[in-house]
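The form predicted alone is given below as one chain in structure tokens.
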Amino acid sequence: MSYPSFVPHWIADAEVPSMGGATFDKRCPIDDRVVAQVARGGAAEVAHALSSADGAAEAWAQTPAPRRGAILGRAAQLLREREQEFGEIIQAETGKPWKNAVAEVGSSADLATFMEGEGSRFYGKTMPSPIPNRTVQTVRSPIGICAAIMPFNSPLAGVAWKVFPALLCGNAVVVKSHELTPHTAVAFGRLLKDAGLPVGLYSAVQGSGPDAGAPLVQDNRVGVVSFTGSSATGKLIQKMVSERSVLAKVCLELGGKNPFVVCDDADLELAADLAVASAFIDAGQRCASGSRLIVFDSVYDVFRQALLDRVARMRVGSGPDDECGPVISRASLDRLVAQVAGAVSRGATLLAGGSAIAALAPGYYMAPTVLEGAKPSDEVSQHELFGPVTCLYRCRDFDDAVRLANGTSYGLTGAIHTSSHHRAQAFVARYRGGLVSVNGATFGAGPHMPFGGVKNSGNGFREPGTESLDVYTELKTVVINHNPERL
């Protein structure tokens, strides 16, 4: 694997160690090996990165958007050329099966290509005015410096979703890498340098949330904070920003407890295939994973058996033909096993999995897990677990299914399987979520598609798509008056 023994910060186009020399271990989820020492940063490294960004942001903001987009186009080309390198980094950091790791490289390149095109479509609006001799228009203005705080589950896509639109919009970006996936953001910085991005516009700082994330969020020079991660941390970030002397825009893409509804007229074979994919791809470490399978009572037993047959055939590992990789850390594995045991102690029945896979130890592999009989109000039904665990629920009819689907504090994605377009349209209207899939998986996004949630799953913004331009720009209304007597 092309993974360095030391992972530094990336500031002003250079690898930078921590000022005090402190480090922490990076372990590979595949085999629990310590693969690198990582620079442990804090307020000093954040200040260095922000000063570098501050010095570069103004000139970049004045660069025409099509020229900014052209650099993203070169970055897309380099990503495709370096697919092997980035795939190996992603696999070393997350343990994903190879096909999933390289798919992430391809989707990130696709996003860069899409954003390159947006540089030539950096549209505002013109509006009629009721006042004679007046023209009104809106233009998009860069914000300045963006703080991008990364998740671990898709380290390259996570960086790409935030950094490409932020740069296209004329901003500088300081990334706070996730501690468990630190090198991706550094390799990304080197790629942007090779693509021709001016010095200072992209930096990546390593360290914990309290040590490195907090001083980044709290700095008044940061004009927008974009965070993907847990609802609890998102709320803390929003609180921190609200307590600053100068407010900033906050974009939150948070957790999910996503329903997968199977009606009595569904294609049960297709539904079982997609339920397994929804629940267990990326070891269930997706905010869009299908963690609640809500099945009409009349087809419950048939669907249940089809689901369990497929779960029993799942290939767990990190090889080229495997489907479900490890979870990200030993702590996550131990937490998930304990949460499943707790659900069973409260009355749920374990149908599959529920434990670590001894044959794959010391890697952090958990057997794909299916629970049934958990109460809708139980902790396992209400809280995001972020692992290869899903729960089966019986429902009486369509109204009961919608009630269960909406019965959590989350609202990210949802899916319904039915042959009735009447039911499908009603579910689209009645389910409170940011994405609804009809006869598909609970996940699925593309560079042109806005993604985000409601309730505890987000605060209204969407990334990527053209809607991401609303995150990384401010709309400025321009009123132009002219005097026809002075023609």
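All of these numbers come straight from a predicted model, not from anything done at the bench. Start at 1 with the first residue shown and count on from there.
Another form, the form predicted in complex with nicotinamide-adenine-dinucleotide (NAD), is not on view; read the next lines as being about it.
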| Every residue of P259, T390 and F443 near nicotinamide-adenine-dinucleotide (NAD) in the model of the complex, heavy atom within 4.5 Å | no
| note | Answer among 111 to 119, 196 to 204, 229 to 237, 138 to 146 for heavy atoms within 4.5 Å of nicotinamide-adenine-dinucleotide (NAD) in the model of the complex: the stretch 229 to 237
| query | For S208, is any heavy atom within 4.5 Å of nicotinamide-adenine-dinucleotide (NAD) in the model of the complex, or not? | reply | yes
| request: Verify the contact flag for A172: yes if a non-hydrogen atom of it lies within 4.5 Å of a non-hydrogen atom of nicotinamide-adenine-dinucleotide (NAD) in the model of the complex, no if not. | output: no
| message | Against nicotinamide-adenine-dinucleotide (NAD) in the model of the complex, would E253 count as a contact residue? Criterion: heavy atoms within 4.5 Å. | response | yes
| Does any heavy atom of Y431 come within 4.5 Å of a heavy atom of nicotinamide-adenine-dinucleotide (NAD) in the model of the complex? | no
| Of these, A352, L78, A214, M314, which has a heavy atom no more than 4.5 Å from nicotinamide-adenine-dinucleotide (NAD) in the model of the complex? | A214
| remark: In this chain shown alone, the residue from H183, R292, K176, H417 with a heavy atom within 4.5 Å of nicotinamide-adenine-dinucleotide (NAD) in the model of the complex is K176
| request: Would you mind checking 49 to 69 for residues with a heavy atom within 4.5 Å of nicotinamide-adenine-dinucleotide (NAD) in the model of the complex? | output: none
